[in-house]
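Take a look at this single chain, the form predicted alone, given in structure tokens.
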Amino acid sequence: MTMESPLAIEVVTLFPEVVRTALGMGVIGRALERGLVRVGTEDPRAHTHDVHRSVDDRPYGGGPGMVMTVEPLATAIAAAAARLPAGSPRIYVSAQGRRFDQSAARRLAGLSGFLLLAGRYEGVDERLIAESIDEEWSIGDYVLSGGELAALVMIDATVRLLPGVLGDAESAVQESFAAEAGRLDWPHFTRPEVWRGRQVPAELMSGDHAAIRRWRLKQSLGRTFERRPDLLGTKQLNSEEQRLLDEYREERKL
């Protein structure tokens, strides 16, 4: 992908206005205005042929809820995919998918384009997945009313990694570095120096870049130990990291 060729994203959704409205604000809205990314939508209801524009039906085998039908979705996916560069993956945002994380966002940011299918109701006909979907991704172990919010999360996490999207390119580098290193971010502070008796840590006021780096690394490791110890369980700490984590635990009697 080059600056002359913006990242192309298509979202197949029953609520295109939700996607367009949400993406029109903030960082992603500015990226769209500057031509760094292009996002289109395709409504499966536009590919129905009955008076009610039906896109769902009862599941075979019985049970609660409705299932999205194959043909309107398949036609919508084909129409949206035709606007994308060849080889762009077609992704179903699904509770059964692999966990979406920072490395997945970085991979998508390196593509020329991709398609997201936002499901509704009890899900989509399995034959559609076999026929028209390349990958399934989930943003977490919980149930949403539809895939639009998950698709927006994936778009936001991906687009902010594109060159030129953030005002300070180092922001994306530091955020992704912490996530890919298996750590949560460190605490952040800004003016005033004292608020309601709470002081900004002295290390951050010192101007000593080495001391600031050590403080941030210690806080990142300690916060991860307290809140997401599972992340550290997959990581081999080096000697400096282990020493800083030990200091953090000792300071807080953990």
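We number the residues from 1 along the sequence you see. These numbers come from a predicted model, not from an experiment.
Unshown form predicted together with a small molecule; subsequent notes refer to it.
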Report summary line: Only one of 158 to 166, 133 to 141, 103 to 111, 77 to 85 sits within 4.5 Å of the small molecule in the predicted bound form by heavy atom distance, namely 133 to 141
Report summary line: In this chain shown alone, the residue from 181, 152, 95, 129 with a heavy atom within 4.5 Å of the small molecule in the predicted bound form is 95
**Report entry** Distance check, residue 146 to the small molecule in the predicted bound form, heavy atom within 4.5 Å
**Finding:** yes
